[in-house]
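First come two forms of one protein chain, each written alone as structure tokens, so that there is a structure 1 and a structure 2.
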Structure 1
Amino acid sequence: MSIDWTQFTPWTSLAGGAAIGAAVALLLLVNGRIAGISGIIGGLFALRRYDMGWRVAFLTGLAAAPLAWQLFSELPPVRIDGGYAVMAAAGLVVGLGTRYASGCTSGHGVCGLSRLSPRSIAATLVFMGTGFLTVYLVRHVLHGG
């Protein structure tokens, strides 16, 4: 393994992580809510009027963040190697895993780990391990190297 030093961005990565941590902590402290994206989106379909405002505001902020970034810097290029069928299948598998785990990577991996939730620790170990295994199989077994 080697590091591509031209793409190594420790300060912007640290700032991004701190911003995510601050947003998660603020949502928990101000609203008493966990910043799990799948739960936030799923709550939009529950049609509870009193609960919609913060969810819409949070998701609007997620969508607006890249637009705000463009004011200061160029967005990185997007490269997707899979076709539409692969992307659709991947989305369905991720959605299924999110339902079985009762949360997503942001809910378990960011919020749950910071609260030392045993359920989130187990879920994060499973999805990270599965991700590592998938990358290994796709890169080294299926494509031969």
Structure 2
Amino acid sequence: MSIDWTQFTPWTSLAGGAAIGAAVALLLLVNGRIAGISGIIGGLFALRRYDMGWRVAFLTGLAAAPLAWQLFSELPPVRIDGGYAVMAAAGLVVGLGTRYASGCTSGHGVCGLSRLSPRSIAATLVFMGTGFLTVYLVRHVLHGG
């Protein structure tokens, strides 16, 4: 392993993380809810009318973030390696997997670790592990790079 110092952005990443934490705090302390994205989306499928509004409001705010950002600054570049078939396959697996796991990077990784939940610690170790392994296989075994 070699650290890529040219790409490493410790301070903006720490600040961005703190903003994510602030968003978690807001939803928790005002609404009493966990800011877990897969759960907020997945809960829409239960079609409980009284439980839809805050989910839609949160997700609208999330998707509006790039528009709000562009009011003040240019969006940072986005690099997506995979093609459309990879996106479709990955999206399907992420949708199914996060619902079976009851959480993703936000629900388990941020909120769960903040609560020191044993379930979330286990989930985070597992998805980080298979994430590392998948990238290793794709980049260094399949593509031999």
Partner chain sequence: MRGSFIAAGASGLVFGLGLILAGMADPGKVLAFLDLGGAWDPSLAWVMAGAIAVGSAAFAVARGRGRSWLGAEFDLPVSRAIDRRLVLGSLAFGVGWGMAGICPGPALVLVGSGSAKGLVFVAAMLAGMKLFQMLEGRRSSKGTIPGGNEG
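By rigid core we mean the largest C-alpha set that fits within 1.5 Å across both forms. Sequence positions of structure 1, starting at 1, serve as the residue numbers. As the structure is a computational prediction, the values presented were derived from the model and not from experiment.
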Block containing the form predicted alone is structure 1
(message) Does P10 shift between structures 1 and 2 by 2 angstroms or more at the C-alpha, the core having been superposed?
(response) yes
> Is there a C-alpha shift of 2 Å or more at R48 between structures 1 and 2 once the rigid core is superposed?
Replying inline: yes
Core-aligned C-alpha movement of A90 between structures 1 and 2 reaching 2 Å: no
Shift in angstrom of the P77 C-alpha between structures 1 and 2, rigid core held fixed, comes out at 2.7
